[in-house]
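As a starting point, one isolated chain is supplied in structure tokens, in the form predicted on its own.
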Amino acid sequence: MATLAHHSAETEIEPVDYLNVEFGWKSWLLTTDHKRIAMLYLISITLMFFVGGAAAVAFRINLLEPEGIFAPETYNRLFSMHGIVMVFFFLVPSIPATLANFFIPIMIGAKDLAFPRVNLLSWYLYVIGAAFTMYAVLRGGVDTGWTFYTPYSSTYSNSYVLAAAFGVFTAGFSSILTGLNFIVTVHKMRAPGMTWSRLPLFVWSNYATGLIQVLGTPVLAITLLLLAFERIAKVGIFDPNIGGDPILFQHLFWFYSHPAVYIMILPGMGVISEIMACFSRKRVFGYNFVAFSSMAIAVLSFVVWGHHMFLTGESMYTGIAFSILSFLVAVPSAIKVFNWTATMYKGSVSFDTPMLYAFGFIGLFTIGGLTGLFLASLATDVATHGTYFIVAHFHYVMVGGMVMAFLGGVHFWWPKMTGRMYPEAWSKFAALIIFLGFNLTFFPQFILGYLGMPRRYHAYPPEFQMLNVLSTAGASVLGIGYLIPIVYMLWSLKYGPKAGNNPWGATGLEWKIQSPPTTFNFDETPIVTEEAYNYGEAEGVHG
């Protein structure tokens, strides 16, 4: 993809990697190195993932018995905190704050992000938001669901709504600052020769994500402020008993929260593009279509929120318009899936661990996307709205899609981030366990939803028990699958074999520098002379 300017023997210096330049905790907590901040995010997000996962395990245990094991109030708090933690503190920041934070500057030939101190501030805001949310958990939790629907959340709930809402509000500013940093960095700090048509697709996807973060997240912040204002001052905004309108909250919430689905999934799509090109040894088929499909998703994501509200009394014509737009937003996603498939056609496909996660992503995301078409249709949405069909669809997109892409990206770039390889046999085994455990967990929920089992109920009719037991068993397998990579990744930091600069034989600027990278990535500014993903002859080009 590029050549790097060579150094004369007199100007060469001993490279110092970002992991070992200083060891003190102060050097990490005050760092402005985008790579270290990405690692701080990775640790924080992983901790929040296991907090949210623990809540999921608890309420899945509750669903082993038709009458439930916990009290209804406890069950409400468990699934609410699972959703709040997973959506706002794992899914939304997972790839942008970690992998994109680490690699976007390197991929475009920059020494850092445009605003290094703002980048560090974004991590502190994330930690402060997580702390307030954990405070809500420790004091008894929230029972509103992750959507904070009014008027229950603003008037009637006796749980710690304000603490959790303030945590989400603060984390939202972290997301805004991250997106702003990416947009400015991509516009202003590309290396000479790094034209828009040469950008890696991972950069394209996170650039589109940054636009959604900057434009959409303030709407959520305003919504939560209004919720808090009504709860504290008793001013009628959403509560109809004091002159408010609860449907207004849904409009505001979903105007952000449906684009937020693409904040979660677009970066994952960028990861899959990188993996597909590398392990098929081919340029991504239809590069321009894949790049601009990311921008199309970003634009269309803002005009489809109404399909969440088909049952709220909106007019038939409004419903038809949102239904058509919801079908339309599936087209750019379908373009990506078709083009990834075409990339593998007649390619030299290898089945390394990152590619296994990419296969899992395509299969699970496709199921999630196709079932989304059922929910975009007025007639079928009426039948499945509020059932476990929605739960299964959402998790096939977010967990089957985004988490598979996140794990694929971590395995793909781990050698570059740490300079160490992980055990390939264990990593392939974990990928298989996660794929099987996921399907065993969530596919029965499609059937439960089709049969009419409502979500968010702590009890259910006895005839649904077998499918719920299957789902809980699958969650156990899935949990084990998620624990295995933690173990061997930590093991690899000390005992893993050294990776070298380019263990996958990949193209891209990040693979032409040392592993792990130096503090400022490049000693001299690289000059980009080749197209993205120029496999074949480009495999012999080294910095």
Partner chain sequence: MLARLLFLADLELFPPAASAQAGPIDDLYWFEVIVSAIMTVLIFAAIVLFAWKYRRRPGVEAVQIEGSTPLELTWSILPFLVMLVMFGWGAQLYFAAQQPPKDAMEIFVTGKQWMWKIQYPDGNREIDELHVPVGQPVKLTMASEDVIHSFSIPAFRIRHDVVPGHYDSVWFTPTKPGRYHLFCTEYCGNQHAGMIGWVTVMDQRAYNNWASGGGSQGTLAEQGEKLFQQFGCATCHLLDQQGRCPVLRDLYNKPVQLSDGRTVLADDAYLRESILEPNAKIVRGFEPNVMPNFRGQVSEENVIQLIGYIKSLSPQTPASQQGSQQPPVVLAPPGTPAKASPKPKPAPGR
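What you see is a predicted model, and the numbers here were worked out from it, not measured in a lab. Residue numbers count along the first chain shown, from 1.
The same protein also exists as the form predicted together with the partner chain; that form is not shown, yet it is the one meant from here on.
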(request) Report yes if all three of F279, L451 and P454 come within 4.5 Å of the partner chain in the predicted bound form by some heavy atom, otherwise no. (result) yes
(message) Using a 4.5 Å heavy atom cut-off, which of 126-134, 261-269, 386-394, 420-428 contacts the partner chain in the predicted bound form?
(response) 386-394
(request) Using heavy atoms only and a 4.5 Å cut-off, determine which of L121, V469, V382, L432 is in contact with the partner chain in the predicted bound form. (result) V382
(request) Quick one: from A473, L199, V399, I367, grab the residue that has a heavy atom within 4.5 Å of the partner chain in the predicted bound form. (result) I367
(request) Using a 4.5 Å heavy atom cut-off, state whether P93 contacts the partner chain in the predicted bound form. (result) no
(message) Can you work out whether A97 and the partner chain are in contact in the predicted bound form, taking contact to mean some heavy atom pair no more than 4.5 Å apart?
(response) no
(request) May I ask you to check whether G363 falls inside a 4.5 Å heavy atom distance of the partner chain in the predicted bound form? (result) yes
(request) Find out whether any non-hydrogen atom of F166 is located within 4.5 angstroms of the partner chain in the predicted bound form, and reply yes or no. (result) no
(request) Any residue of 318-332 with a heavy atom within 4.5 Å of the partner chain in the predicted bound form counts; write them all down in order. (result) I320, S323, I324, F327, L328, A330, V331
